[in-house]
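Given next, in structure tokens, is a single chain: the form predicted on its own.
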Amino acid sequence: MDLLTQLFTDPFAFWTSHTLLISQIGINSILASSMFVVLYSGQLSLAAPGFMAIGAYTAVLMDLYWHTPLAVDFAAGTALAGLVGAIVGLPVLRLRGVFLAIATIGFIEALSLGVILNLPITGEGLGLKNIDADPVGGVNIVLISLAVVVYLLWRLTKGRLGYAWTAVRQDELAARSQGIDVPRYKLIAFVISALLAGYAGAAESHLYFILDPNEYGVPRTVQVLTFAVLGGSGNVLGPVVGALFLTTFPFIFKQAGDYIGVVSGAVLIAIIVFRPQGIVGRGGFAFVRPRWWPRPQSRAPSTG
């Protein structure tokens, strides 16, 4: 609980001593927002870490070899991730549900094992050194970017595009019967998700001096999916809250020591049971009683 104590008693010291943690919360939130887009459109795509790797490696390689400005690095990494997202999405989006999830996991494995870990330019299994990383100054870029991403996604979900995604998610056949171009809207969501994940990767690469290829595998996929589902995939703020909660949890309950995994697992189960639509659902933060939970008995009015 020392983290929370310092946050409320000395916010300035908290900011200076936990800059990297704050930045990582922002990165995880952007990445979880990329997962939110595909879930909101009714797709179970798990490709976000793969697009994140594309953005990260592109940004770092451009800085190392061409010494381009930071804004150009970010833009190139984001654009390349979006382009790959469009190419991958065209054939992959013919699949649905768990088949789509398996296909996107295959994309991550192919990218990691076939490209990142085998090419000398990517450092193979040793990663890349990023001598121009700025862990302190990068936090401002990350937080501003997060605010812009949340606002833009909020606007999208309240417009024609968001309504089309909702219709596709609820009933794809009914959406087709209403004249909605389902493949087109699915591809748009997939590409937007890739763009956000690519930007998150480019921004994260600016925070660390070593680009670790192990950060973009299947475990990161599970983590990102947990952010979105736990926070609430029906609300644009849900993934942000989920990322904030899960990223800070090990630091808040540091006293648990080796049992932190047990504690976090129990908390996650409790949230899923009592709040199945996530911490932030469409109805806010209200408590949801599970179906099996005993309901209070009310006495019938007396007729005598």
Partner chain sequence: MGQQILNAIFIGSIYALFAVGYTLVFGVLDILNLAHSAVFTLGAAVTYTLVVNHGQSFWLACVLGIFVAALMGLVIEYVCLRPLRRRRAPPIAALISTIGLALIIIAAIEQGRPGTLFAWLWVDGANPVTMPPGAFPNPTWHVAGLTLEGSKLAVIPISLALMLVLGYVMRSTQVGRGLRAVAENPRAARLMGIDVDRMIALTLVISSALGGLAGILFGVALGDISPYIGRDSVEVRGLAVIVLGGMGSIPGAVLGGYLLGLIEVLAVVLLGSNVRAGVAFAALFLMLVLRPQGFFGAQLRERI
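Numbering follows the first chain given and starts at 1. As the structure is a computational prediction, the values presented were derived from the model and not from experiment.
Below, we turn to the form predicted in complex with the partner chain, even though it does not appear here.
A residue is said to contact a partner when one of its heavy atoms sits within 4.5 Å of a partner heavy atom; residue 61 fails this definition for the partner chain in the predicted bound form, lying far away. In the predicted bound form, none of the heavy atoms of residue 136 sits within 4.5 Å of a heavy atom of the partner chain. A residue is said to contact a partner when one of its heavy atoms sits within 4.5 Å of a partner heavy atom; residue 250 fails this definition for the partner chain in the predicted bound form, lying far away.
Using a 4.5 Å cutoff between non-hydrogen atoms, residue 222 counts as a contact of the partner chain in the predicted bound form. For the options 128, 187, 80, 88, the residue carrying a heavy atom within 4.5 angstroms of the partner chain in the predicted bound form is 88. 95 is the sole member of 95, 121, 143, 72 with a non-hydrogen atom lying within 4.5 angstroms of the partner chain in the predicted bound form. With the partner left out here, the partner chain still marks one of 72-80, 106-114, 199-207, 128-136 in the predicted bound form; by a 4.5 Å heavy atom cut-off that stretch is 106-114. In this stretch, 180-198, not one residue has a heavy atom within 4.5 Å of the partner chain in the predicted bound form; the partner itself is omitted from this view.
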